[in-house]
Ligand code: PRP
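For reference, the chain that follows is the form predicted alone, supplied as structure tokens.
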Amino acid sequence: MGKIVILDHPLITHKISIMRDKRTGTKDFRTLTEEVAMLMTYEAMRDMPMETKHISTPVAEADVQVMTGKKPAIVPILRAGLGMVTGILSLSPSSKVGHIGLYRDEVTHEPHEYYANLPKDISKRVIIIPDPMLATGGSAVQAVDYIKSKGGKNIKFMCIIAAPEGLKALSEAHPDIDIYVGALDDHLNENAYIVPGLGDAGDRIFGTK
């Protein structure tokens, strides 16, 4: 079984609070997105596989612990998930990066796939799927469906803000994955936006509105 982790660390909570403010401009919003993603990655990678390596320090011989296995795969959900990639790479710079493109129908709120490209050997990698907002959960469920269909197994989903509806949908559809949430909000409104939320993360990251 996977786990759901609500990351209520003061640094994360503080930065998300600034992101929520409609007066926060594109430059600061983009930077905060990267910073929150970096802080969340610290926790999401806590259980990475380790092995013992023998080295010589300037003082003595020592057995130390280093990460082992294939490098993680970061697979952001386009386009907003791109805003979190740099933050994740700052802690795991050798990670491979794929992409899944999904857009939400404005009427039905259902996700539609338009692009997908995954790193090779995806079945042998820890996979991190970043997307700032987990609203209805439709895009997240579809992204995990696709990655599993290509052999992905060890999957971690990372979002900055989640609605209870989306968290429930994703955890029920894929109870085996780990889900990391920066803040769990109250509900979805009639337009399937998270309340209180922070608006459209993609538009605020890229300055398109």
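Each residue number is its position in the shown sequence, starting from 1. Predicted, not measured: the structure shown is a model, and the values here were computed from it.
A second form of this protein, the form predicted in complex with this ligand, is not displayed here; the remarks below concern that form.
Contact with this ligand, judged by heavy atoms within 4.5 Å in the model of the complex, is confined among 67-75, 100-108, 86-94, 118-126 to 100-108.
Proximity of Asp8, Val36 and Val181 to this ligand in the model of the complex is absent: no residue of the three has a non-hydrogen atom within 4.5 angstroms. Counting a residue when any of its non-hydrogen atoms is within 4.5 Å of this ligand in the model of the complex, the hits in 185-209 run Asp200, Gly202.
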